[in-house]
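Just one chain follows, in the form predicted on its own, and it is written as structure tokens.
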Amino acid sequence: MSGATKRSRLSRRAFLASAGVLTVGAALGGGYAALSGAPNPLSGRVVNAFVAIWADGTVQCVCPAQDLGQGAPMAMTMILAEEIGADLARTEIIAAPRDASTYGNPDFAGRMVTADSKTTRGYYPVLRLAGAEARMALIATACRQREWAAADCRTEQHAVLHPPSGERMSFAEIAALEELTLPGGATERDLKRSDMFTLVGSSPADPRHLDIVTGRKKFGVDQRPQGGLIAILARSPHLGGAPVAVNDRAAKAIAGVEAVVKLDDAVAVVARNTWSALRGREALVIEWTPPSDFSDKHERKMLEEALDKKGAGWVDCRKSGEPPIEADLVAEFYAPCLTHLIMEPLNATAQGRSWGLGVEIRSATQSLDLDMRYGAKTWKTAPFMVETTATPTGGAYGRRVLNDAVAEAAEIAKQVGKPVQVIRPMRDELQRGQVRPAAAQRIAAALSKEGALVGWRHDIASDGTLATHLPSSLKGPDKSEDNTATDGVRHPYRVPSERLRWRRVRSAPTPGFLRGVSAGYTVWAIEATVERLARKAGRDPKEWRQAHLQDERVIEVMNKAAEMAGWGAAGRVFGLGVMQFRGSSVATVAEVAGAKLAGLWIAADVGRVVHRDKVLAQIEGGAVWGVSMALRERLSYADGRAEIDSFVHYPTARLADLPPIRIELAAPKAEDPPFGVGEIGIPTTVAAIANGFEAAMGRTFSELPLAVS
């Protein structure tokens, strides 16, 4: 292939085996040589779907995850660069196109979704194989040129080294050759041992941060097609409201306004600029359907009554034995609706293509696949006629998984016949956007005469996000469990007899994903009950837990967090929270002094750490949010509407609420892969703070946020 790029295959069998989904005996051929019809994002000499090399030696690395601000592009590139032996400063990060067959996350059943703490742990084995394949190609090409033996070579600092001769051949020299020698797909045997890592586990600076602080980075709201229009929607302030009559004369009279479009549940003002669209929206006169009498008090009553219901409707999450009829402790807990405070407003752009038969979607999103579904359904076209592209995103926290702004943009663009960008003002999102739904819980526990746990019943009543939006994704043997409502309920404690159940109670506010999902309240209920049981048994809460824990990783992080905090020191009051979540083991100790949170100590075993500082930042950010959930956050409703008009009216943690936070990470064991990190800072923080205040104040708390002042 003179002068041409030859492409090797990242063995599909190796990929599937690494992802844990290889079917024994299946005749699987092919690989990553083809990009399944999607546009090839790479240039230069393509090695596989994730790696290419330019003539100057620059290594192009495809990032299959979305850029949400949590550091995924850097982490993905570090994994590739480690296996290749590349200099990180000489890599280029490229966003993957929507091609789930090539770039889908194995931990998301092959879908392209960036959420649920699954990004690094899902792509880690795939990217290592892709990087190893590139390293093998570079070594094979250098050996062909220099007549070296491949077994004598290694890659390091952007070059192939040949220690017996002391010679080296840079990646640029290799890329300048007519073609690469491609020895075939990599397998697990070709991967580097973790003790050889020099990049993975470090904290290199991310040069793209400068673009953020200087304003050069373009987020979704900054990107608009040539000749595109802006749409701002007017929505009913009350839940479920829809327009009955619209007077748009004044709106259409405003300079720059091009159209007013009535949707099922909103009215859109379409204009040449954002200011005109906003002014036009304010000029609309709309009669809405009447509000309901929904309130958070009414919702709480429904949820608590659901806990008493018997018979059909309960979904068993885990059951072993028959819990004792007589409980030594029964505790009830209530967590309110919470909303997202995303920094960049929801936005999406839709533009017709292929003579209007197809549509191009550009959005700040967490899932190109789900954007495609929104676009295809709204445009009424086949999925292959929908092109989706992600923009860098100014915060996500789960809210952009179900990016309903895509459907709005597609519907409006189809009606006006021009490209349209929908931008949703934060007031609209706070009043009518997706929420983490409220939940009521009841735990009944029984102790032996010796104070050991012998029976455990945990019932949850709430709505579910999957049940509402993606029922095909429900879990369990009969596909009826919604893990967005039951996350965290599977505790790590040894108990001979238990039953964990969930009952769906439909919510008026629209359920959505939120960082930590239901573990933000299930772990609180579990850990509060555990501490109360320990006190009832006359035992130290940490020692009582240790007697019931089975997993050594959980025990290790619990003891480490306690050691960091000075657990048991005279005159100090502590609360503890532990869990296993997203594969990680986490423990948090909170110190309470008077009526104030005085300190947080977090120990976490997250397996293999890729970018250390970003892992610490993720956990710290989660802990800050946990403080906010424990002490401040609540979205209240009355007369069918959310009692909120802006950020100012939504209670969040203030600087004075935040104590010093110290985090330590356990060293990975052997060949540990990465475990989940993005959400793990929240649940044990909420639990530890609640337990600290219970110990300090000598009373129990049955609802969030805690009434400690």
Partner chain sequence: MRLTLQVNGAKHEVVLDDPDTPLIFVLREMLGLTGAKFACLEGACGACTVHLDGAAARACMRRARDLEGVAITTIEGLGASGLHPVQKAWIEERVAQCGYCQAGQLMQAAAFLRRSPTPDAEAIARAMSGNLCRCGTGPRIAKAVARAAEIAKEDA
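Numbering follows the first chain given and starts at 1. Fair warning: this is a prediction, and the values are worked out from it, not measured in the lab.
The same protein also exists as the form predicted together with its partner chain; that form is not shown, yet it is the one meant from here on.
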property	result
Ser194, heavy atom within 4.5 angstroms of its partner chain in the predicted bound form	no
Gly394: touches its partner chain in the predicted bound form, heavy atom cutoff 4.5 angstroms	yes
Close approach of Tyr650 to its partner chain in the predicted bound form, 4.5 Å, heavy atom	yes
Phe574 within 4.5 Å of its partner chain in the predicted bound form, heavy atoms	no
Interface residue in the predicted bound form among His238, Lys542, His611, Arg399, criterion: non-hydrogen atom within 4.5 angstroms of its partner chain	His611
Contact residue in the predicted bound form, from Phe219, Trp148, Trp567, Phe513 (heavy atom within 4.5 Å of its partner chain)	Phe219
Answer range among 461 to 469, 252 to 260, 403 to 411, 480 to 488 for contact with its partner chain, defined in the predicted bound form as heavy atoms within 4.5 Å	252 to 260
Sequence-ordered list of residues in 199 to 222 near its partner chain in the predicted bound form, where near means a heavy atom within 4.5 Å	Ser203, Pro204, Ala205, His209, Leu210, Ile212, Val213, Thr214, Gly215, Lys217, Lys218, Phe219, Val221, Asp222
